[in-house]
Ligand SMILES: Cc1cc2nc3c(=O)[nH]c(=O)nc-3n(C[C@H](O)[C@H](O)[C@H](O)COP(=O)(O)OP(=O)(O)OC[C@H]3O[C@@H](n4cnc5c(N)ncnc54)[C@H](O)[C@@H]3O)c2cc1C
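To begin, one chain is listed below as C-alpha cells, in the form predicted on its own.
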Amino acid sequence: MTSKTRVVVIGAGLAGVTLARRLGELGTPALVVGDEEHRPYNRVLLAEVLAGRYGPEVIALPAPAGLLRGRVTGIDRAGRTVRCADGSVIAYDTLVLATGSNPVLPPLRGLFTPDHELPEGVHAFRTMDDCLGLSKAVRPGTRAVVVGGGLLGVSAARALAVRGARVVLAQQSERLMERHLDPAASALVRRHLEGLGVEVHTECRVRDVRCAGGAVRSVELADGYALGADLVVLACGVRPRTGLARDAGLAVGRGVLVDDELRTCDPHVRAVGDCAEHAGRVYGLAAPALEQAGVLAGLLARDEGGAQSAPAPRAYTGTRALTRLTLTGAGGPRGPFDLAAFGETDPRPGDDVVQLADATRGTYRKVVVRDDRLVGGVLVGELGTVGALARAWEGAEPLSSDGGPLLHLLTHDGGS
C-alpha cells in the first residue's frame, strides 16, 4: 500500500520533530517516520535521566501530529517513495533526512560477541534505550569505565558517579574536552569530576575488552594495566547517519551535502541536523539543528503554498554555535557545574585576552578580543555572564569604549 504526503521527514529527533512542528504552524503538514519506540525526546538531556534527575517523560518532546514509528530501509528517488521495514511504501513530494548520528564504536579487541553484539555490560550512550539500560545496570559500588573524555564522556562519568558508581574515565588525548576547552578550563572539569570520586586517566588508550560468560569483566589499557569493570560506557564521539543517503546515490562527505536551502543534490530531498553537512561543516549540536529546522520550515512552507502571513524565508548561512554543558544532579560536592565555550578560544598573535580565575569558587573565564570584537570565550562555573558575552559574540559588533559586555566578566548578572 502506498500513501502520499507532501513532506516526509525521516527521523524523530530534535531536528525532525522541530521541523514538523514549525511546518504545522505554517499550514504545511508533515509525516515524521522515527525508528525508536520511545516518544521523541531531547537527546541533550539524556545524562540528566541517567543521573536520576529527570524521568524519561520530562525530556520528551511534543509529538508531531503525523508520527509513524518504523524503520526506513530505502529511498526510491525516481519514484519519490521510501520503503519501510514492514513492507509499507510512503510517497513524498519533498523528503527531509533528519537521521541524526550513530555512536562511534572504537576498534577494541573483544568488543563484539560472535553474533556481532556488544557484550553484556558494554553500552553506547546515544539513545534512550542506551540510557535506560545503563540506569538499570548501575547501582552504588558498580565498577564503571567510561571510554572517551569529550562532552558526552564527561556527562556520562558525572551521571554515573552521582548514582554511586566507582567510575574510571579513560581519555586518549592529553586533556578532557580538548575540542572545546583550553587547558585551564579542562583542568577545572577534571577537578570537579575527581571531587565526585571519578578516577581520570588522560593520554590513556583502551585496547581490549575482556569478558567471561558473555559479560564484561575488565578493560585492558595500552600499557597492559587492567581495570576491573562491571559496566563499560563507550563515549567516543558520533558519526552522521548517511547510509540511506549514500545508498540512494546522494552526495555525501562526512554528512549529507546540502546547500544554503538545505537541499541535497536532488532538489526533492533536503537534510537537517546531525546528518547534514553545510559549507564543509557538520555541527552535531542542538542549536544548529534547531536553526536549520526553522529555516527549512520557512522554505518548504513557501514552496508548498503554506501560511501566506509567514515571514519571508531566509537561506541558511551557518550557525555560530555555543557549546554548553550543565552537570547537575544531587550528590555533587559543589552542586551544579556549568561550562560554555564559543568561537575561537585560542588567540592569534595580536589578539587581546581577558582571563580571570577563582580557585576557591572553581570558576574560570577567558575571552578573546580581535579588532575590538569578541571572537571567542571559555567560561566555567557560575555562568551568569554567558548570556551577555554570547550575544556580543553572535552580534559581532565592535565593543564599546567602556568595555561593554566584558564588564560582565566581573559580575554575576550577565543573564543566561
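Numbering starts at 1 and follows the sequence shown. What you are looking at is a predicted structure, and each value in this text was computed from that prediction instead of being measured.
Another form exists, predicted in complex with this ligand; not displayed. Remarks below refer to it.
Annotated contacts: L111, R210 and D230 are all free of this ligand in the predicted bound form [non-hydrogen atom within 4.5 angstroms]. When you look in the predicted bound form, the only residue of R324, R270, H192, H123 with a non-hydrogen atom within 4.5 Å of this ligand is R324. None of L26, A30, L46, A390 but one reaches within 4.5 angstroms of this ligand in the predicted bound form through a heavy atom, and that residue is L46. Note that among 163 to 171, 141 to 149, 260 to 268, 238 to 246, the stretch whose heavy atoms approach this ligand to within 4.5 Å in the predicted bound form is 238 to 246. Contact annotation: A289 falls within 4.5 Å of this ligand in the predicted bound form, judged by heavy atom distances. Interface membership of A15, defined by any non-hydrogen atom within 4.5 Å of this ligand in the predicted bound form, is confirmed. Using a 4.5 angstroms limit between non-hydrogen atoms, G376 is distant from this ligand in the predicted bound form. Looking at V72, you'd find a heavy atom of it within 4.5 angstroms of this ligand in the predicted bound form.
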